[in-house]
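The chain below stands alone, shown as structure tokens; this is the form predicted on its own.
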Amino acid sequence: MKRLLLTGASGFLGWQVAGHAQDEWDVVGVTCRHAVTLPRGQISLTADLTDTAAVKHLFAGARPDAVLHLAALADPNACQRDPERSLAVNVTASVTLAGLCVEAGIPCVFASTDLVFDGRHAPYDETALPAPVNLYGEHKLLAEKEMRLRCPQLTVCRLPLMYGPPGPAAQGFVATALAAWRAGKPVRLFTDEFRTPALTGDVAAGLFLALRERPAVLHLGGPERLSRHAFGLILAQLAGVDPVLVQPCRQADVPMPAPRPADVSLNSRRAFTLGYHPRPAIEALRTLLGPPF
């Protein structure tokens, strides 16, 4: 079996990626704080990816055949509040990993974001010009560029808004929204922010597709352009929740440190052609919620 070094293994997406690894991959998961038992029964390792010496030691011990780099400081507001930490985690650590992949002669797949775009010219395909409006997007774009300078064969996968089952380190929107609604609490959702949401399991399959095909850039958005509010209404309908608890609001109603683009919907036709098949929200949420939904 080939060995895959998976960073961010306990995260919302990383947990699903570990569970979707095919028989050809022996996953070595990397987490920031606490080692966890991965879904396939494998144990993760802990490492501070901003510690270059520690990362080199980890890399030498793991001897991977490929790297799938998912770890990030992914909260735009947290990045805006702490730019030094964002730079260290989202850029410097990523460039270190890219350099190690080149030295080892192995492929590297990097998880970037739809937030590298400004939200004014959607939908965005792989040829669209990035123009981020917040620091998180700026740093992910900088990582794309700097990693490619180190590793010309890098594969960049730009990911959408994701939903799915909870992982060890993150609950995700579906779980938190359902908990609020069960307690009779409303959830406010933007009517003027549009994305192409996708189930984490489907995105995981797309990442392994990218690892096999190794394109330079690949968008892994879902098949539909939805506002956050529209997505919430679909979830509420399937869960039998009173739609009055899905409260519409606008971006301007919720002041936040990080500016938010209005529409970063991804055009993912290139991935669809390669065999990426993300499910529509209503179908994916039925699968996620299970019976009686």
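For every residue, the number given is its place in the sequence shown, counted from 1. Being a predicted model, the structure only gives us computed values, none of them experimental.
If you look for the form predicted together with a small molecule, you will not find it shown, but the lines that follow are about it.
Participant: Is there any non-hydrogen atom of residue 12 lying within 4.5 Å of the small molecule in the predicted complex?
Facilitator: Although the small molecule is absent here, residue 12 would touch it in the predicted complex, with heavy atoms inside 4.5 Å.
Participant: Using a 4.5 angstroms cut-off on non-hydrogen atoms, would residue 50 count as touching the small molecule in the predicted complex?
Facilitator: So residue 50 counts as contacting the small molecule.
Participant: Is it the case that residue 70, even though its partner is missing from this view, gets within 4.5 Å of the small molecule in the predicted complex, heavy atoms only?
Facilitator: Residue-level check for residue 70: yes, a contact with the small molecule.
Participant: Are any of the heavy atoms in residue 265 no more than 4.5 Å from a heavy atom of the small molecule in the predicted complex?
Facilitator: It does not: once the small molecule is placed as it appears in the predicted complex, residue 265 has no heavy atom within 4.5 Å of it.
Participant: By the heavy atom within 4.5 Å rule, which residue out of 210, 159, 135, 141 makes contact with the small molecule in the predicted complex?
Facilitator: Looking at 210, 159, 135, 141 one by one, just 159 meets the 4.5 Å heavy-atom criterion.
Participant: With the small molecule left out of view, choose which of 250, 33, 57, 63 has a non-hydrogen atom within 4.5 angstroms of it in the predicted complex.
Facilitator: Only one listed residue qualifies here, and that residue is 33.
Participant: Can you work out whether the small molecule is within 4.5 angstroms of a heavy atom in all three of 8, 89 and 170 in the predicted complex?
Facilitator: Yes, each of 8, 89 and 170 comes within 4.5 Å of the small molecule in the predicted complex.
Participant: Of 124-132, 104-112, 145-153, 185-193, which is the one stretch near the small molecule in the predicted complex, taking non-hydrogen atoms within 4.5 angstroms as near?
Facilitator: After filtering at 4.5 Å, what remains is 104-112.
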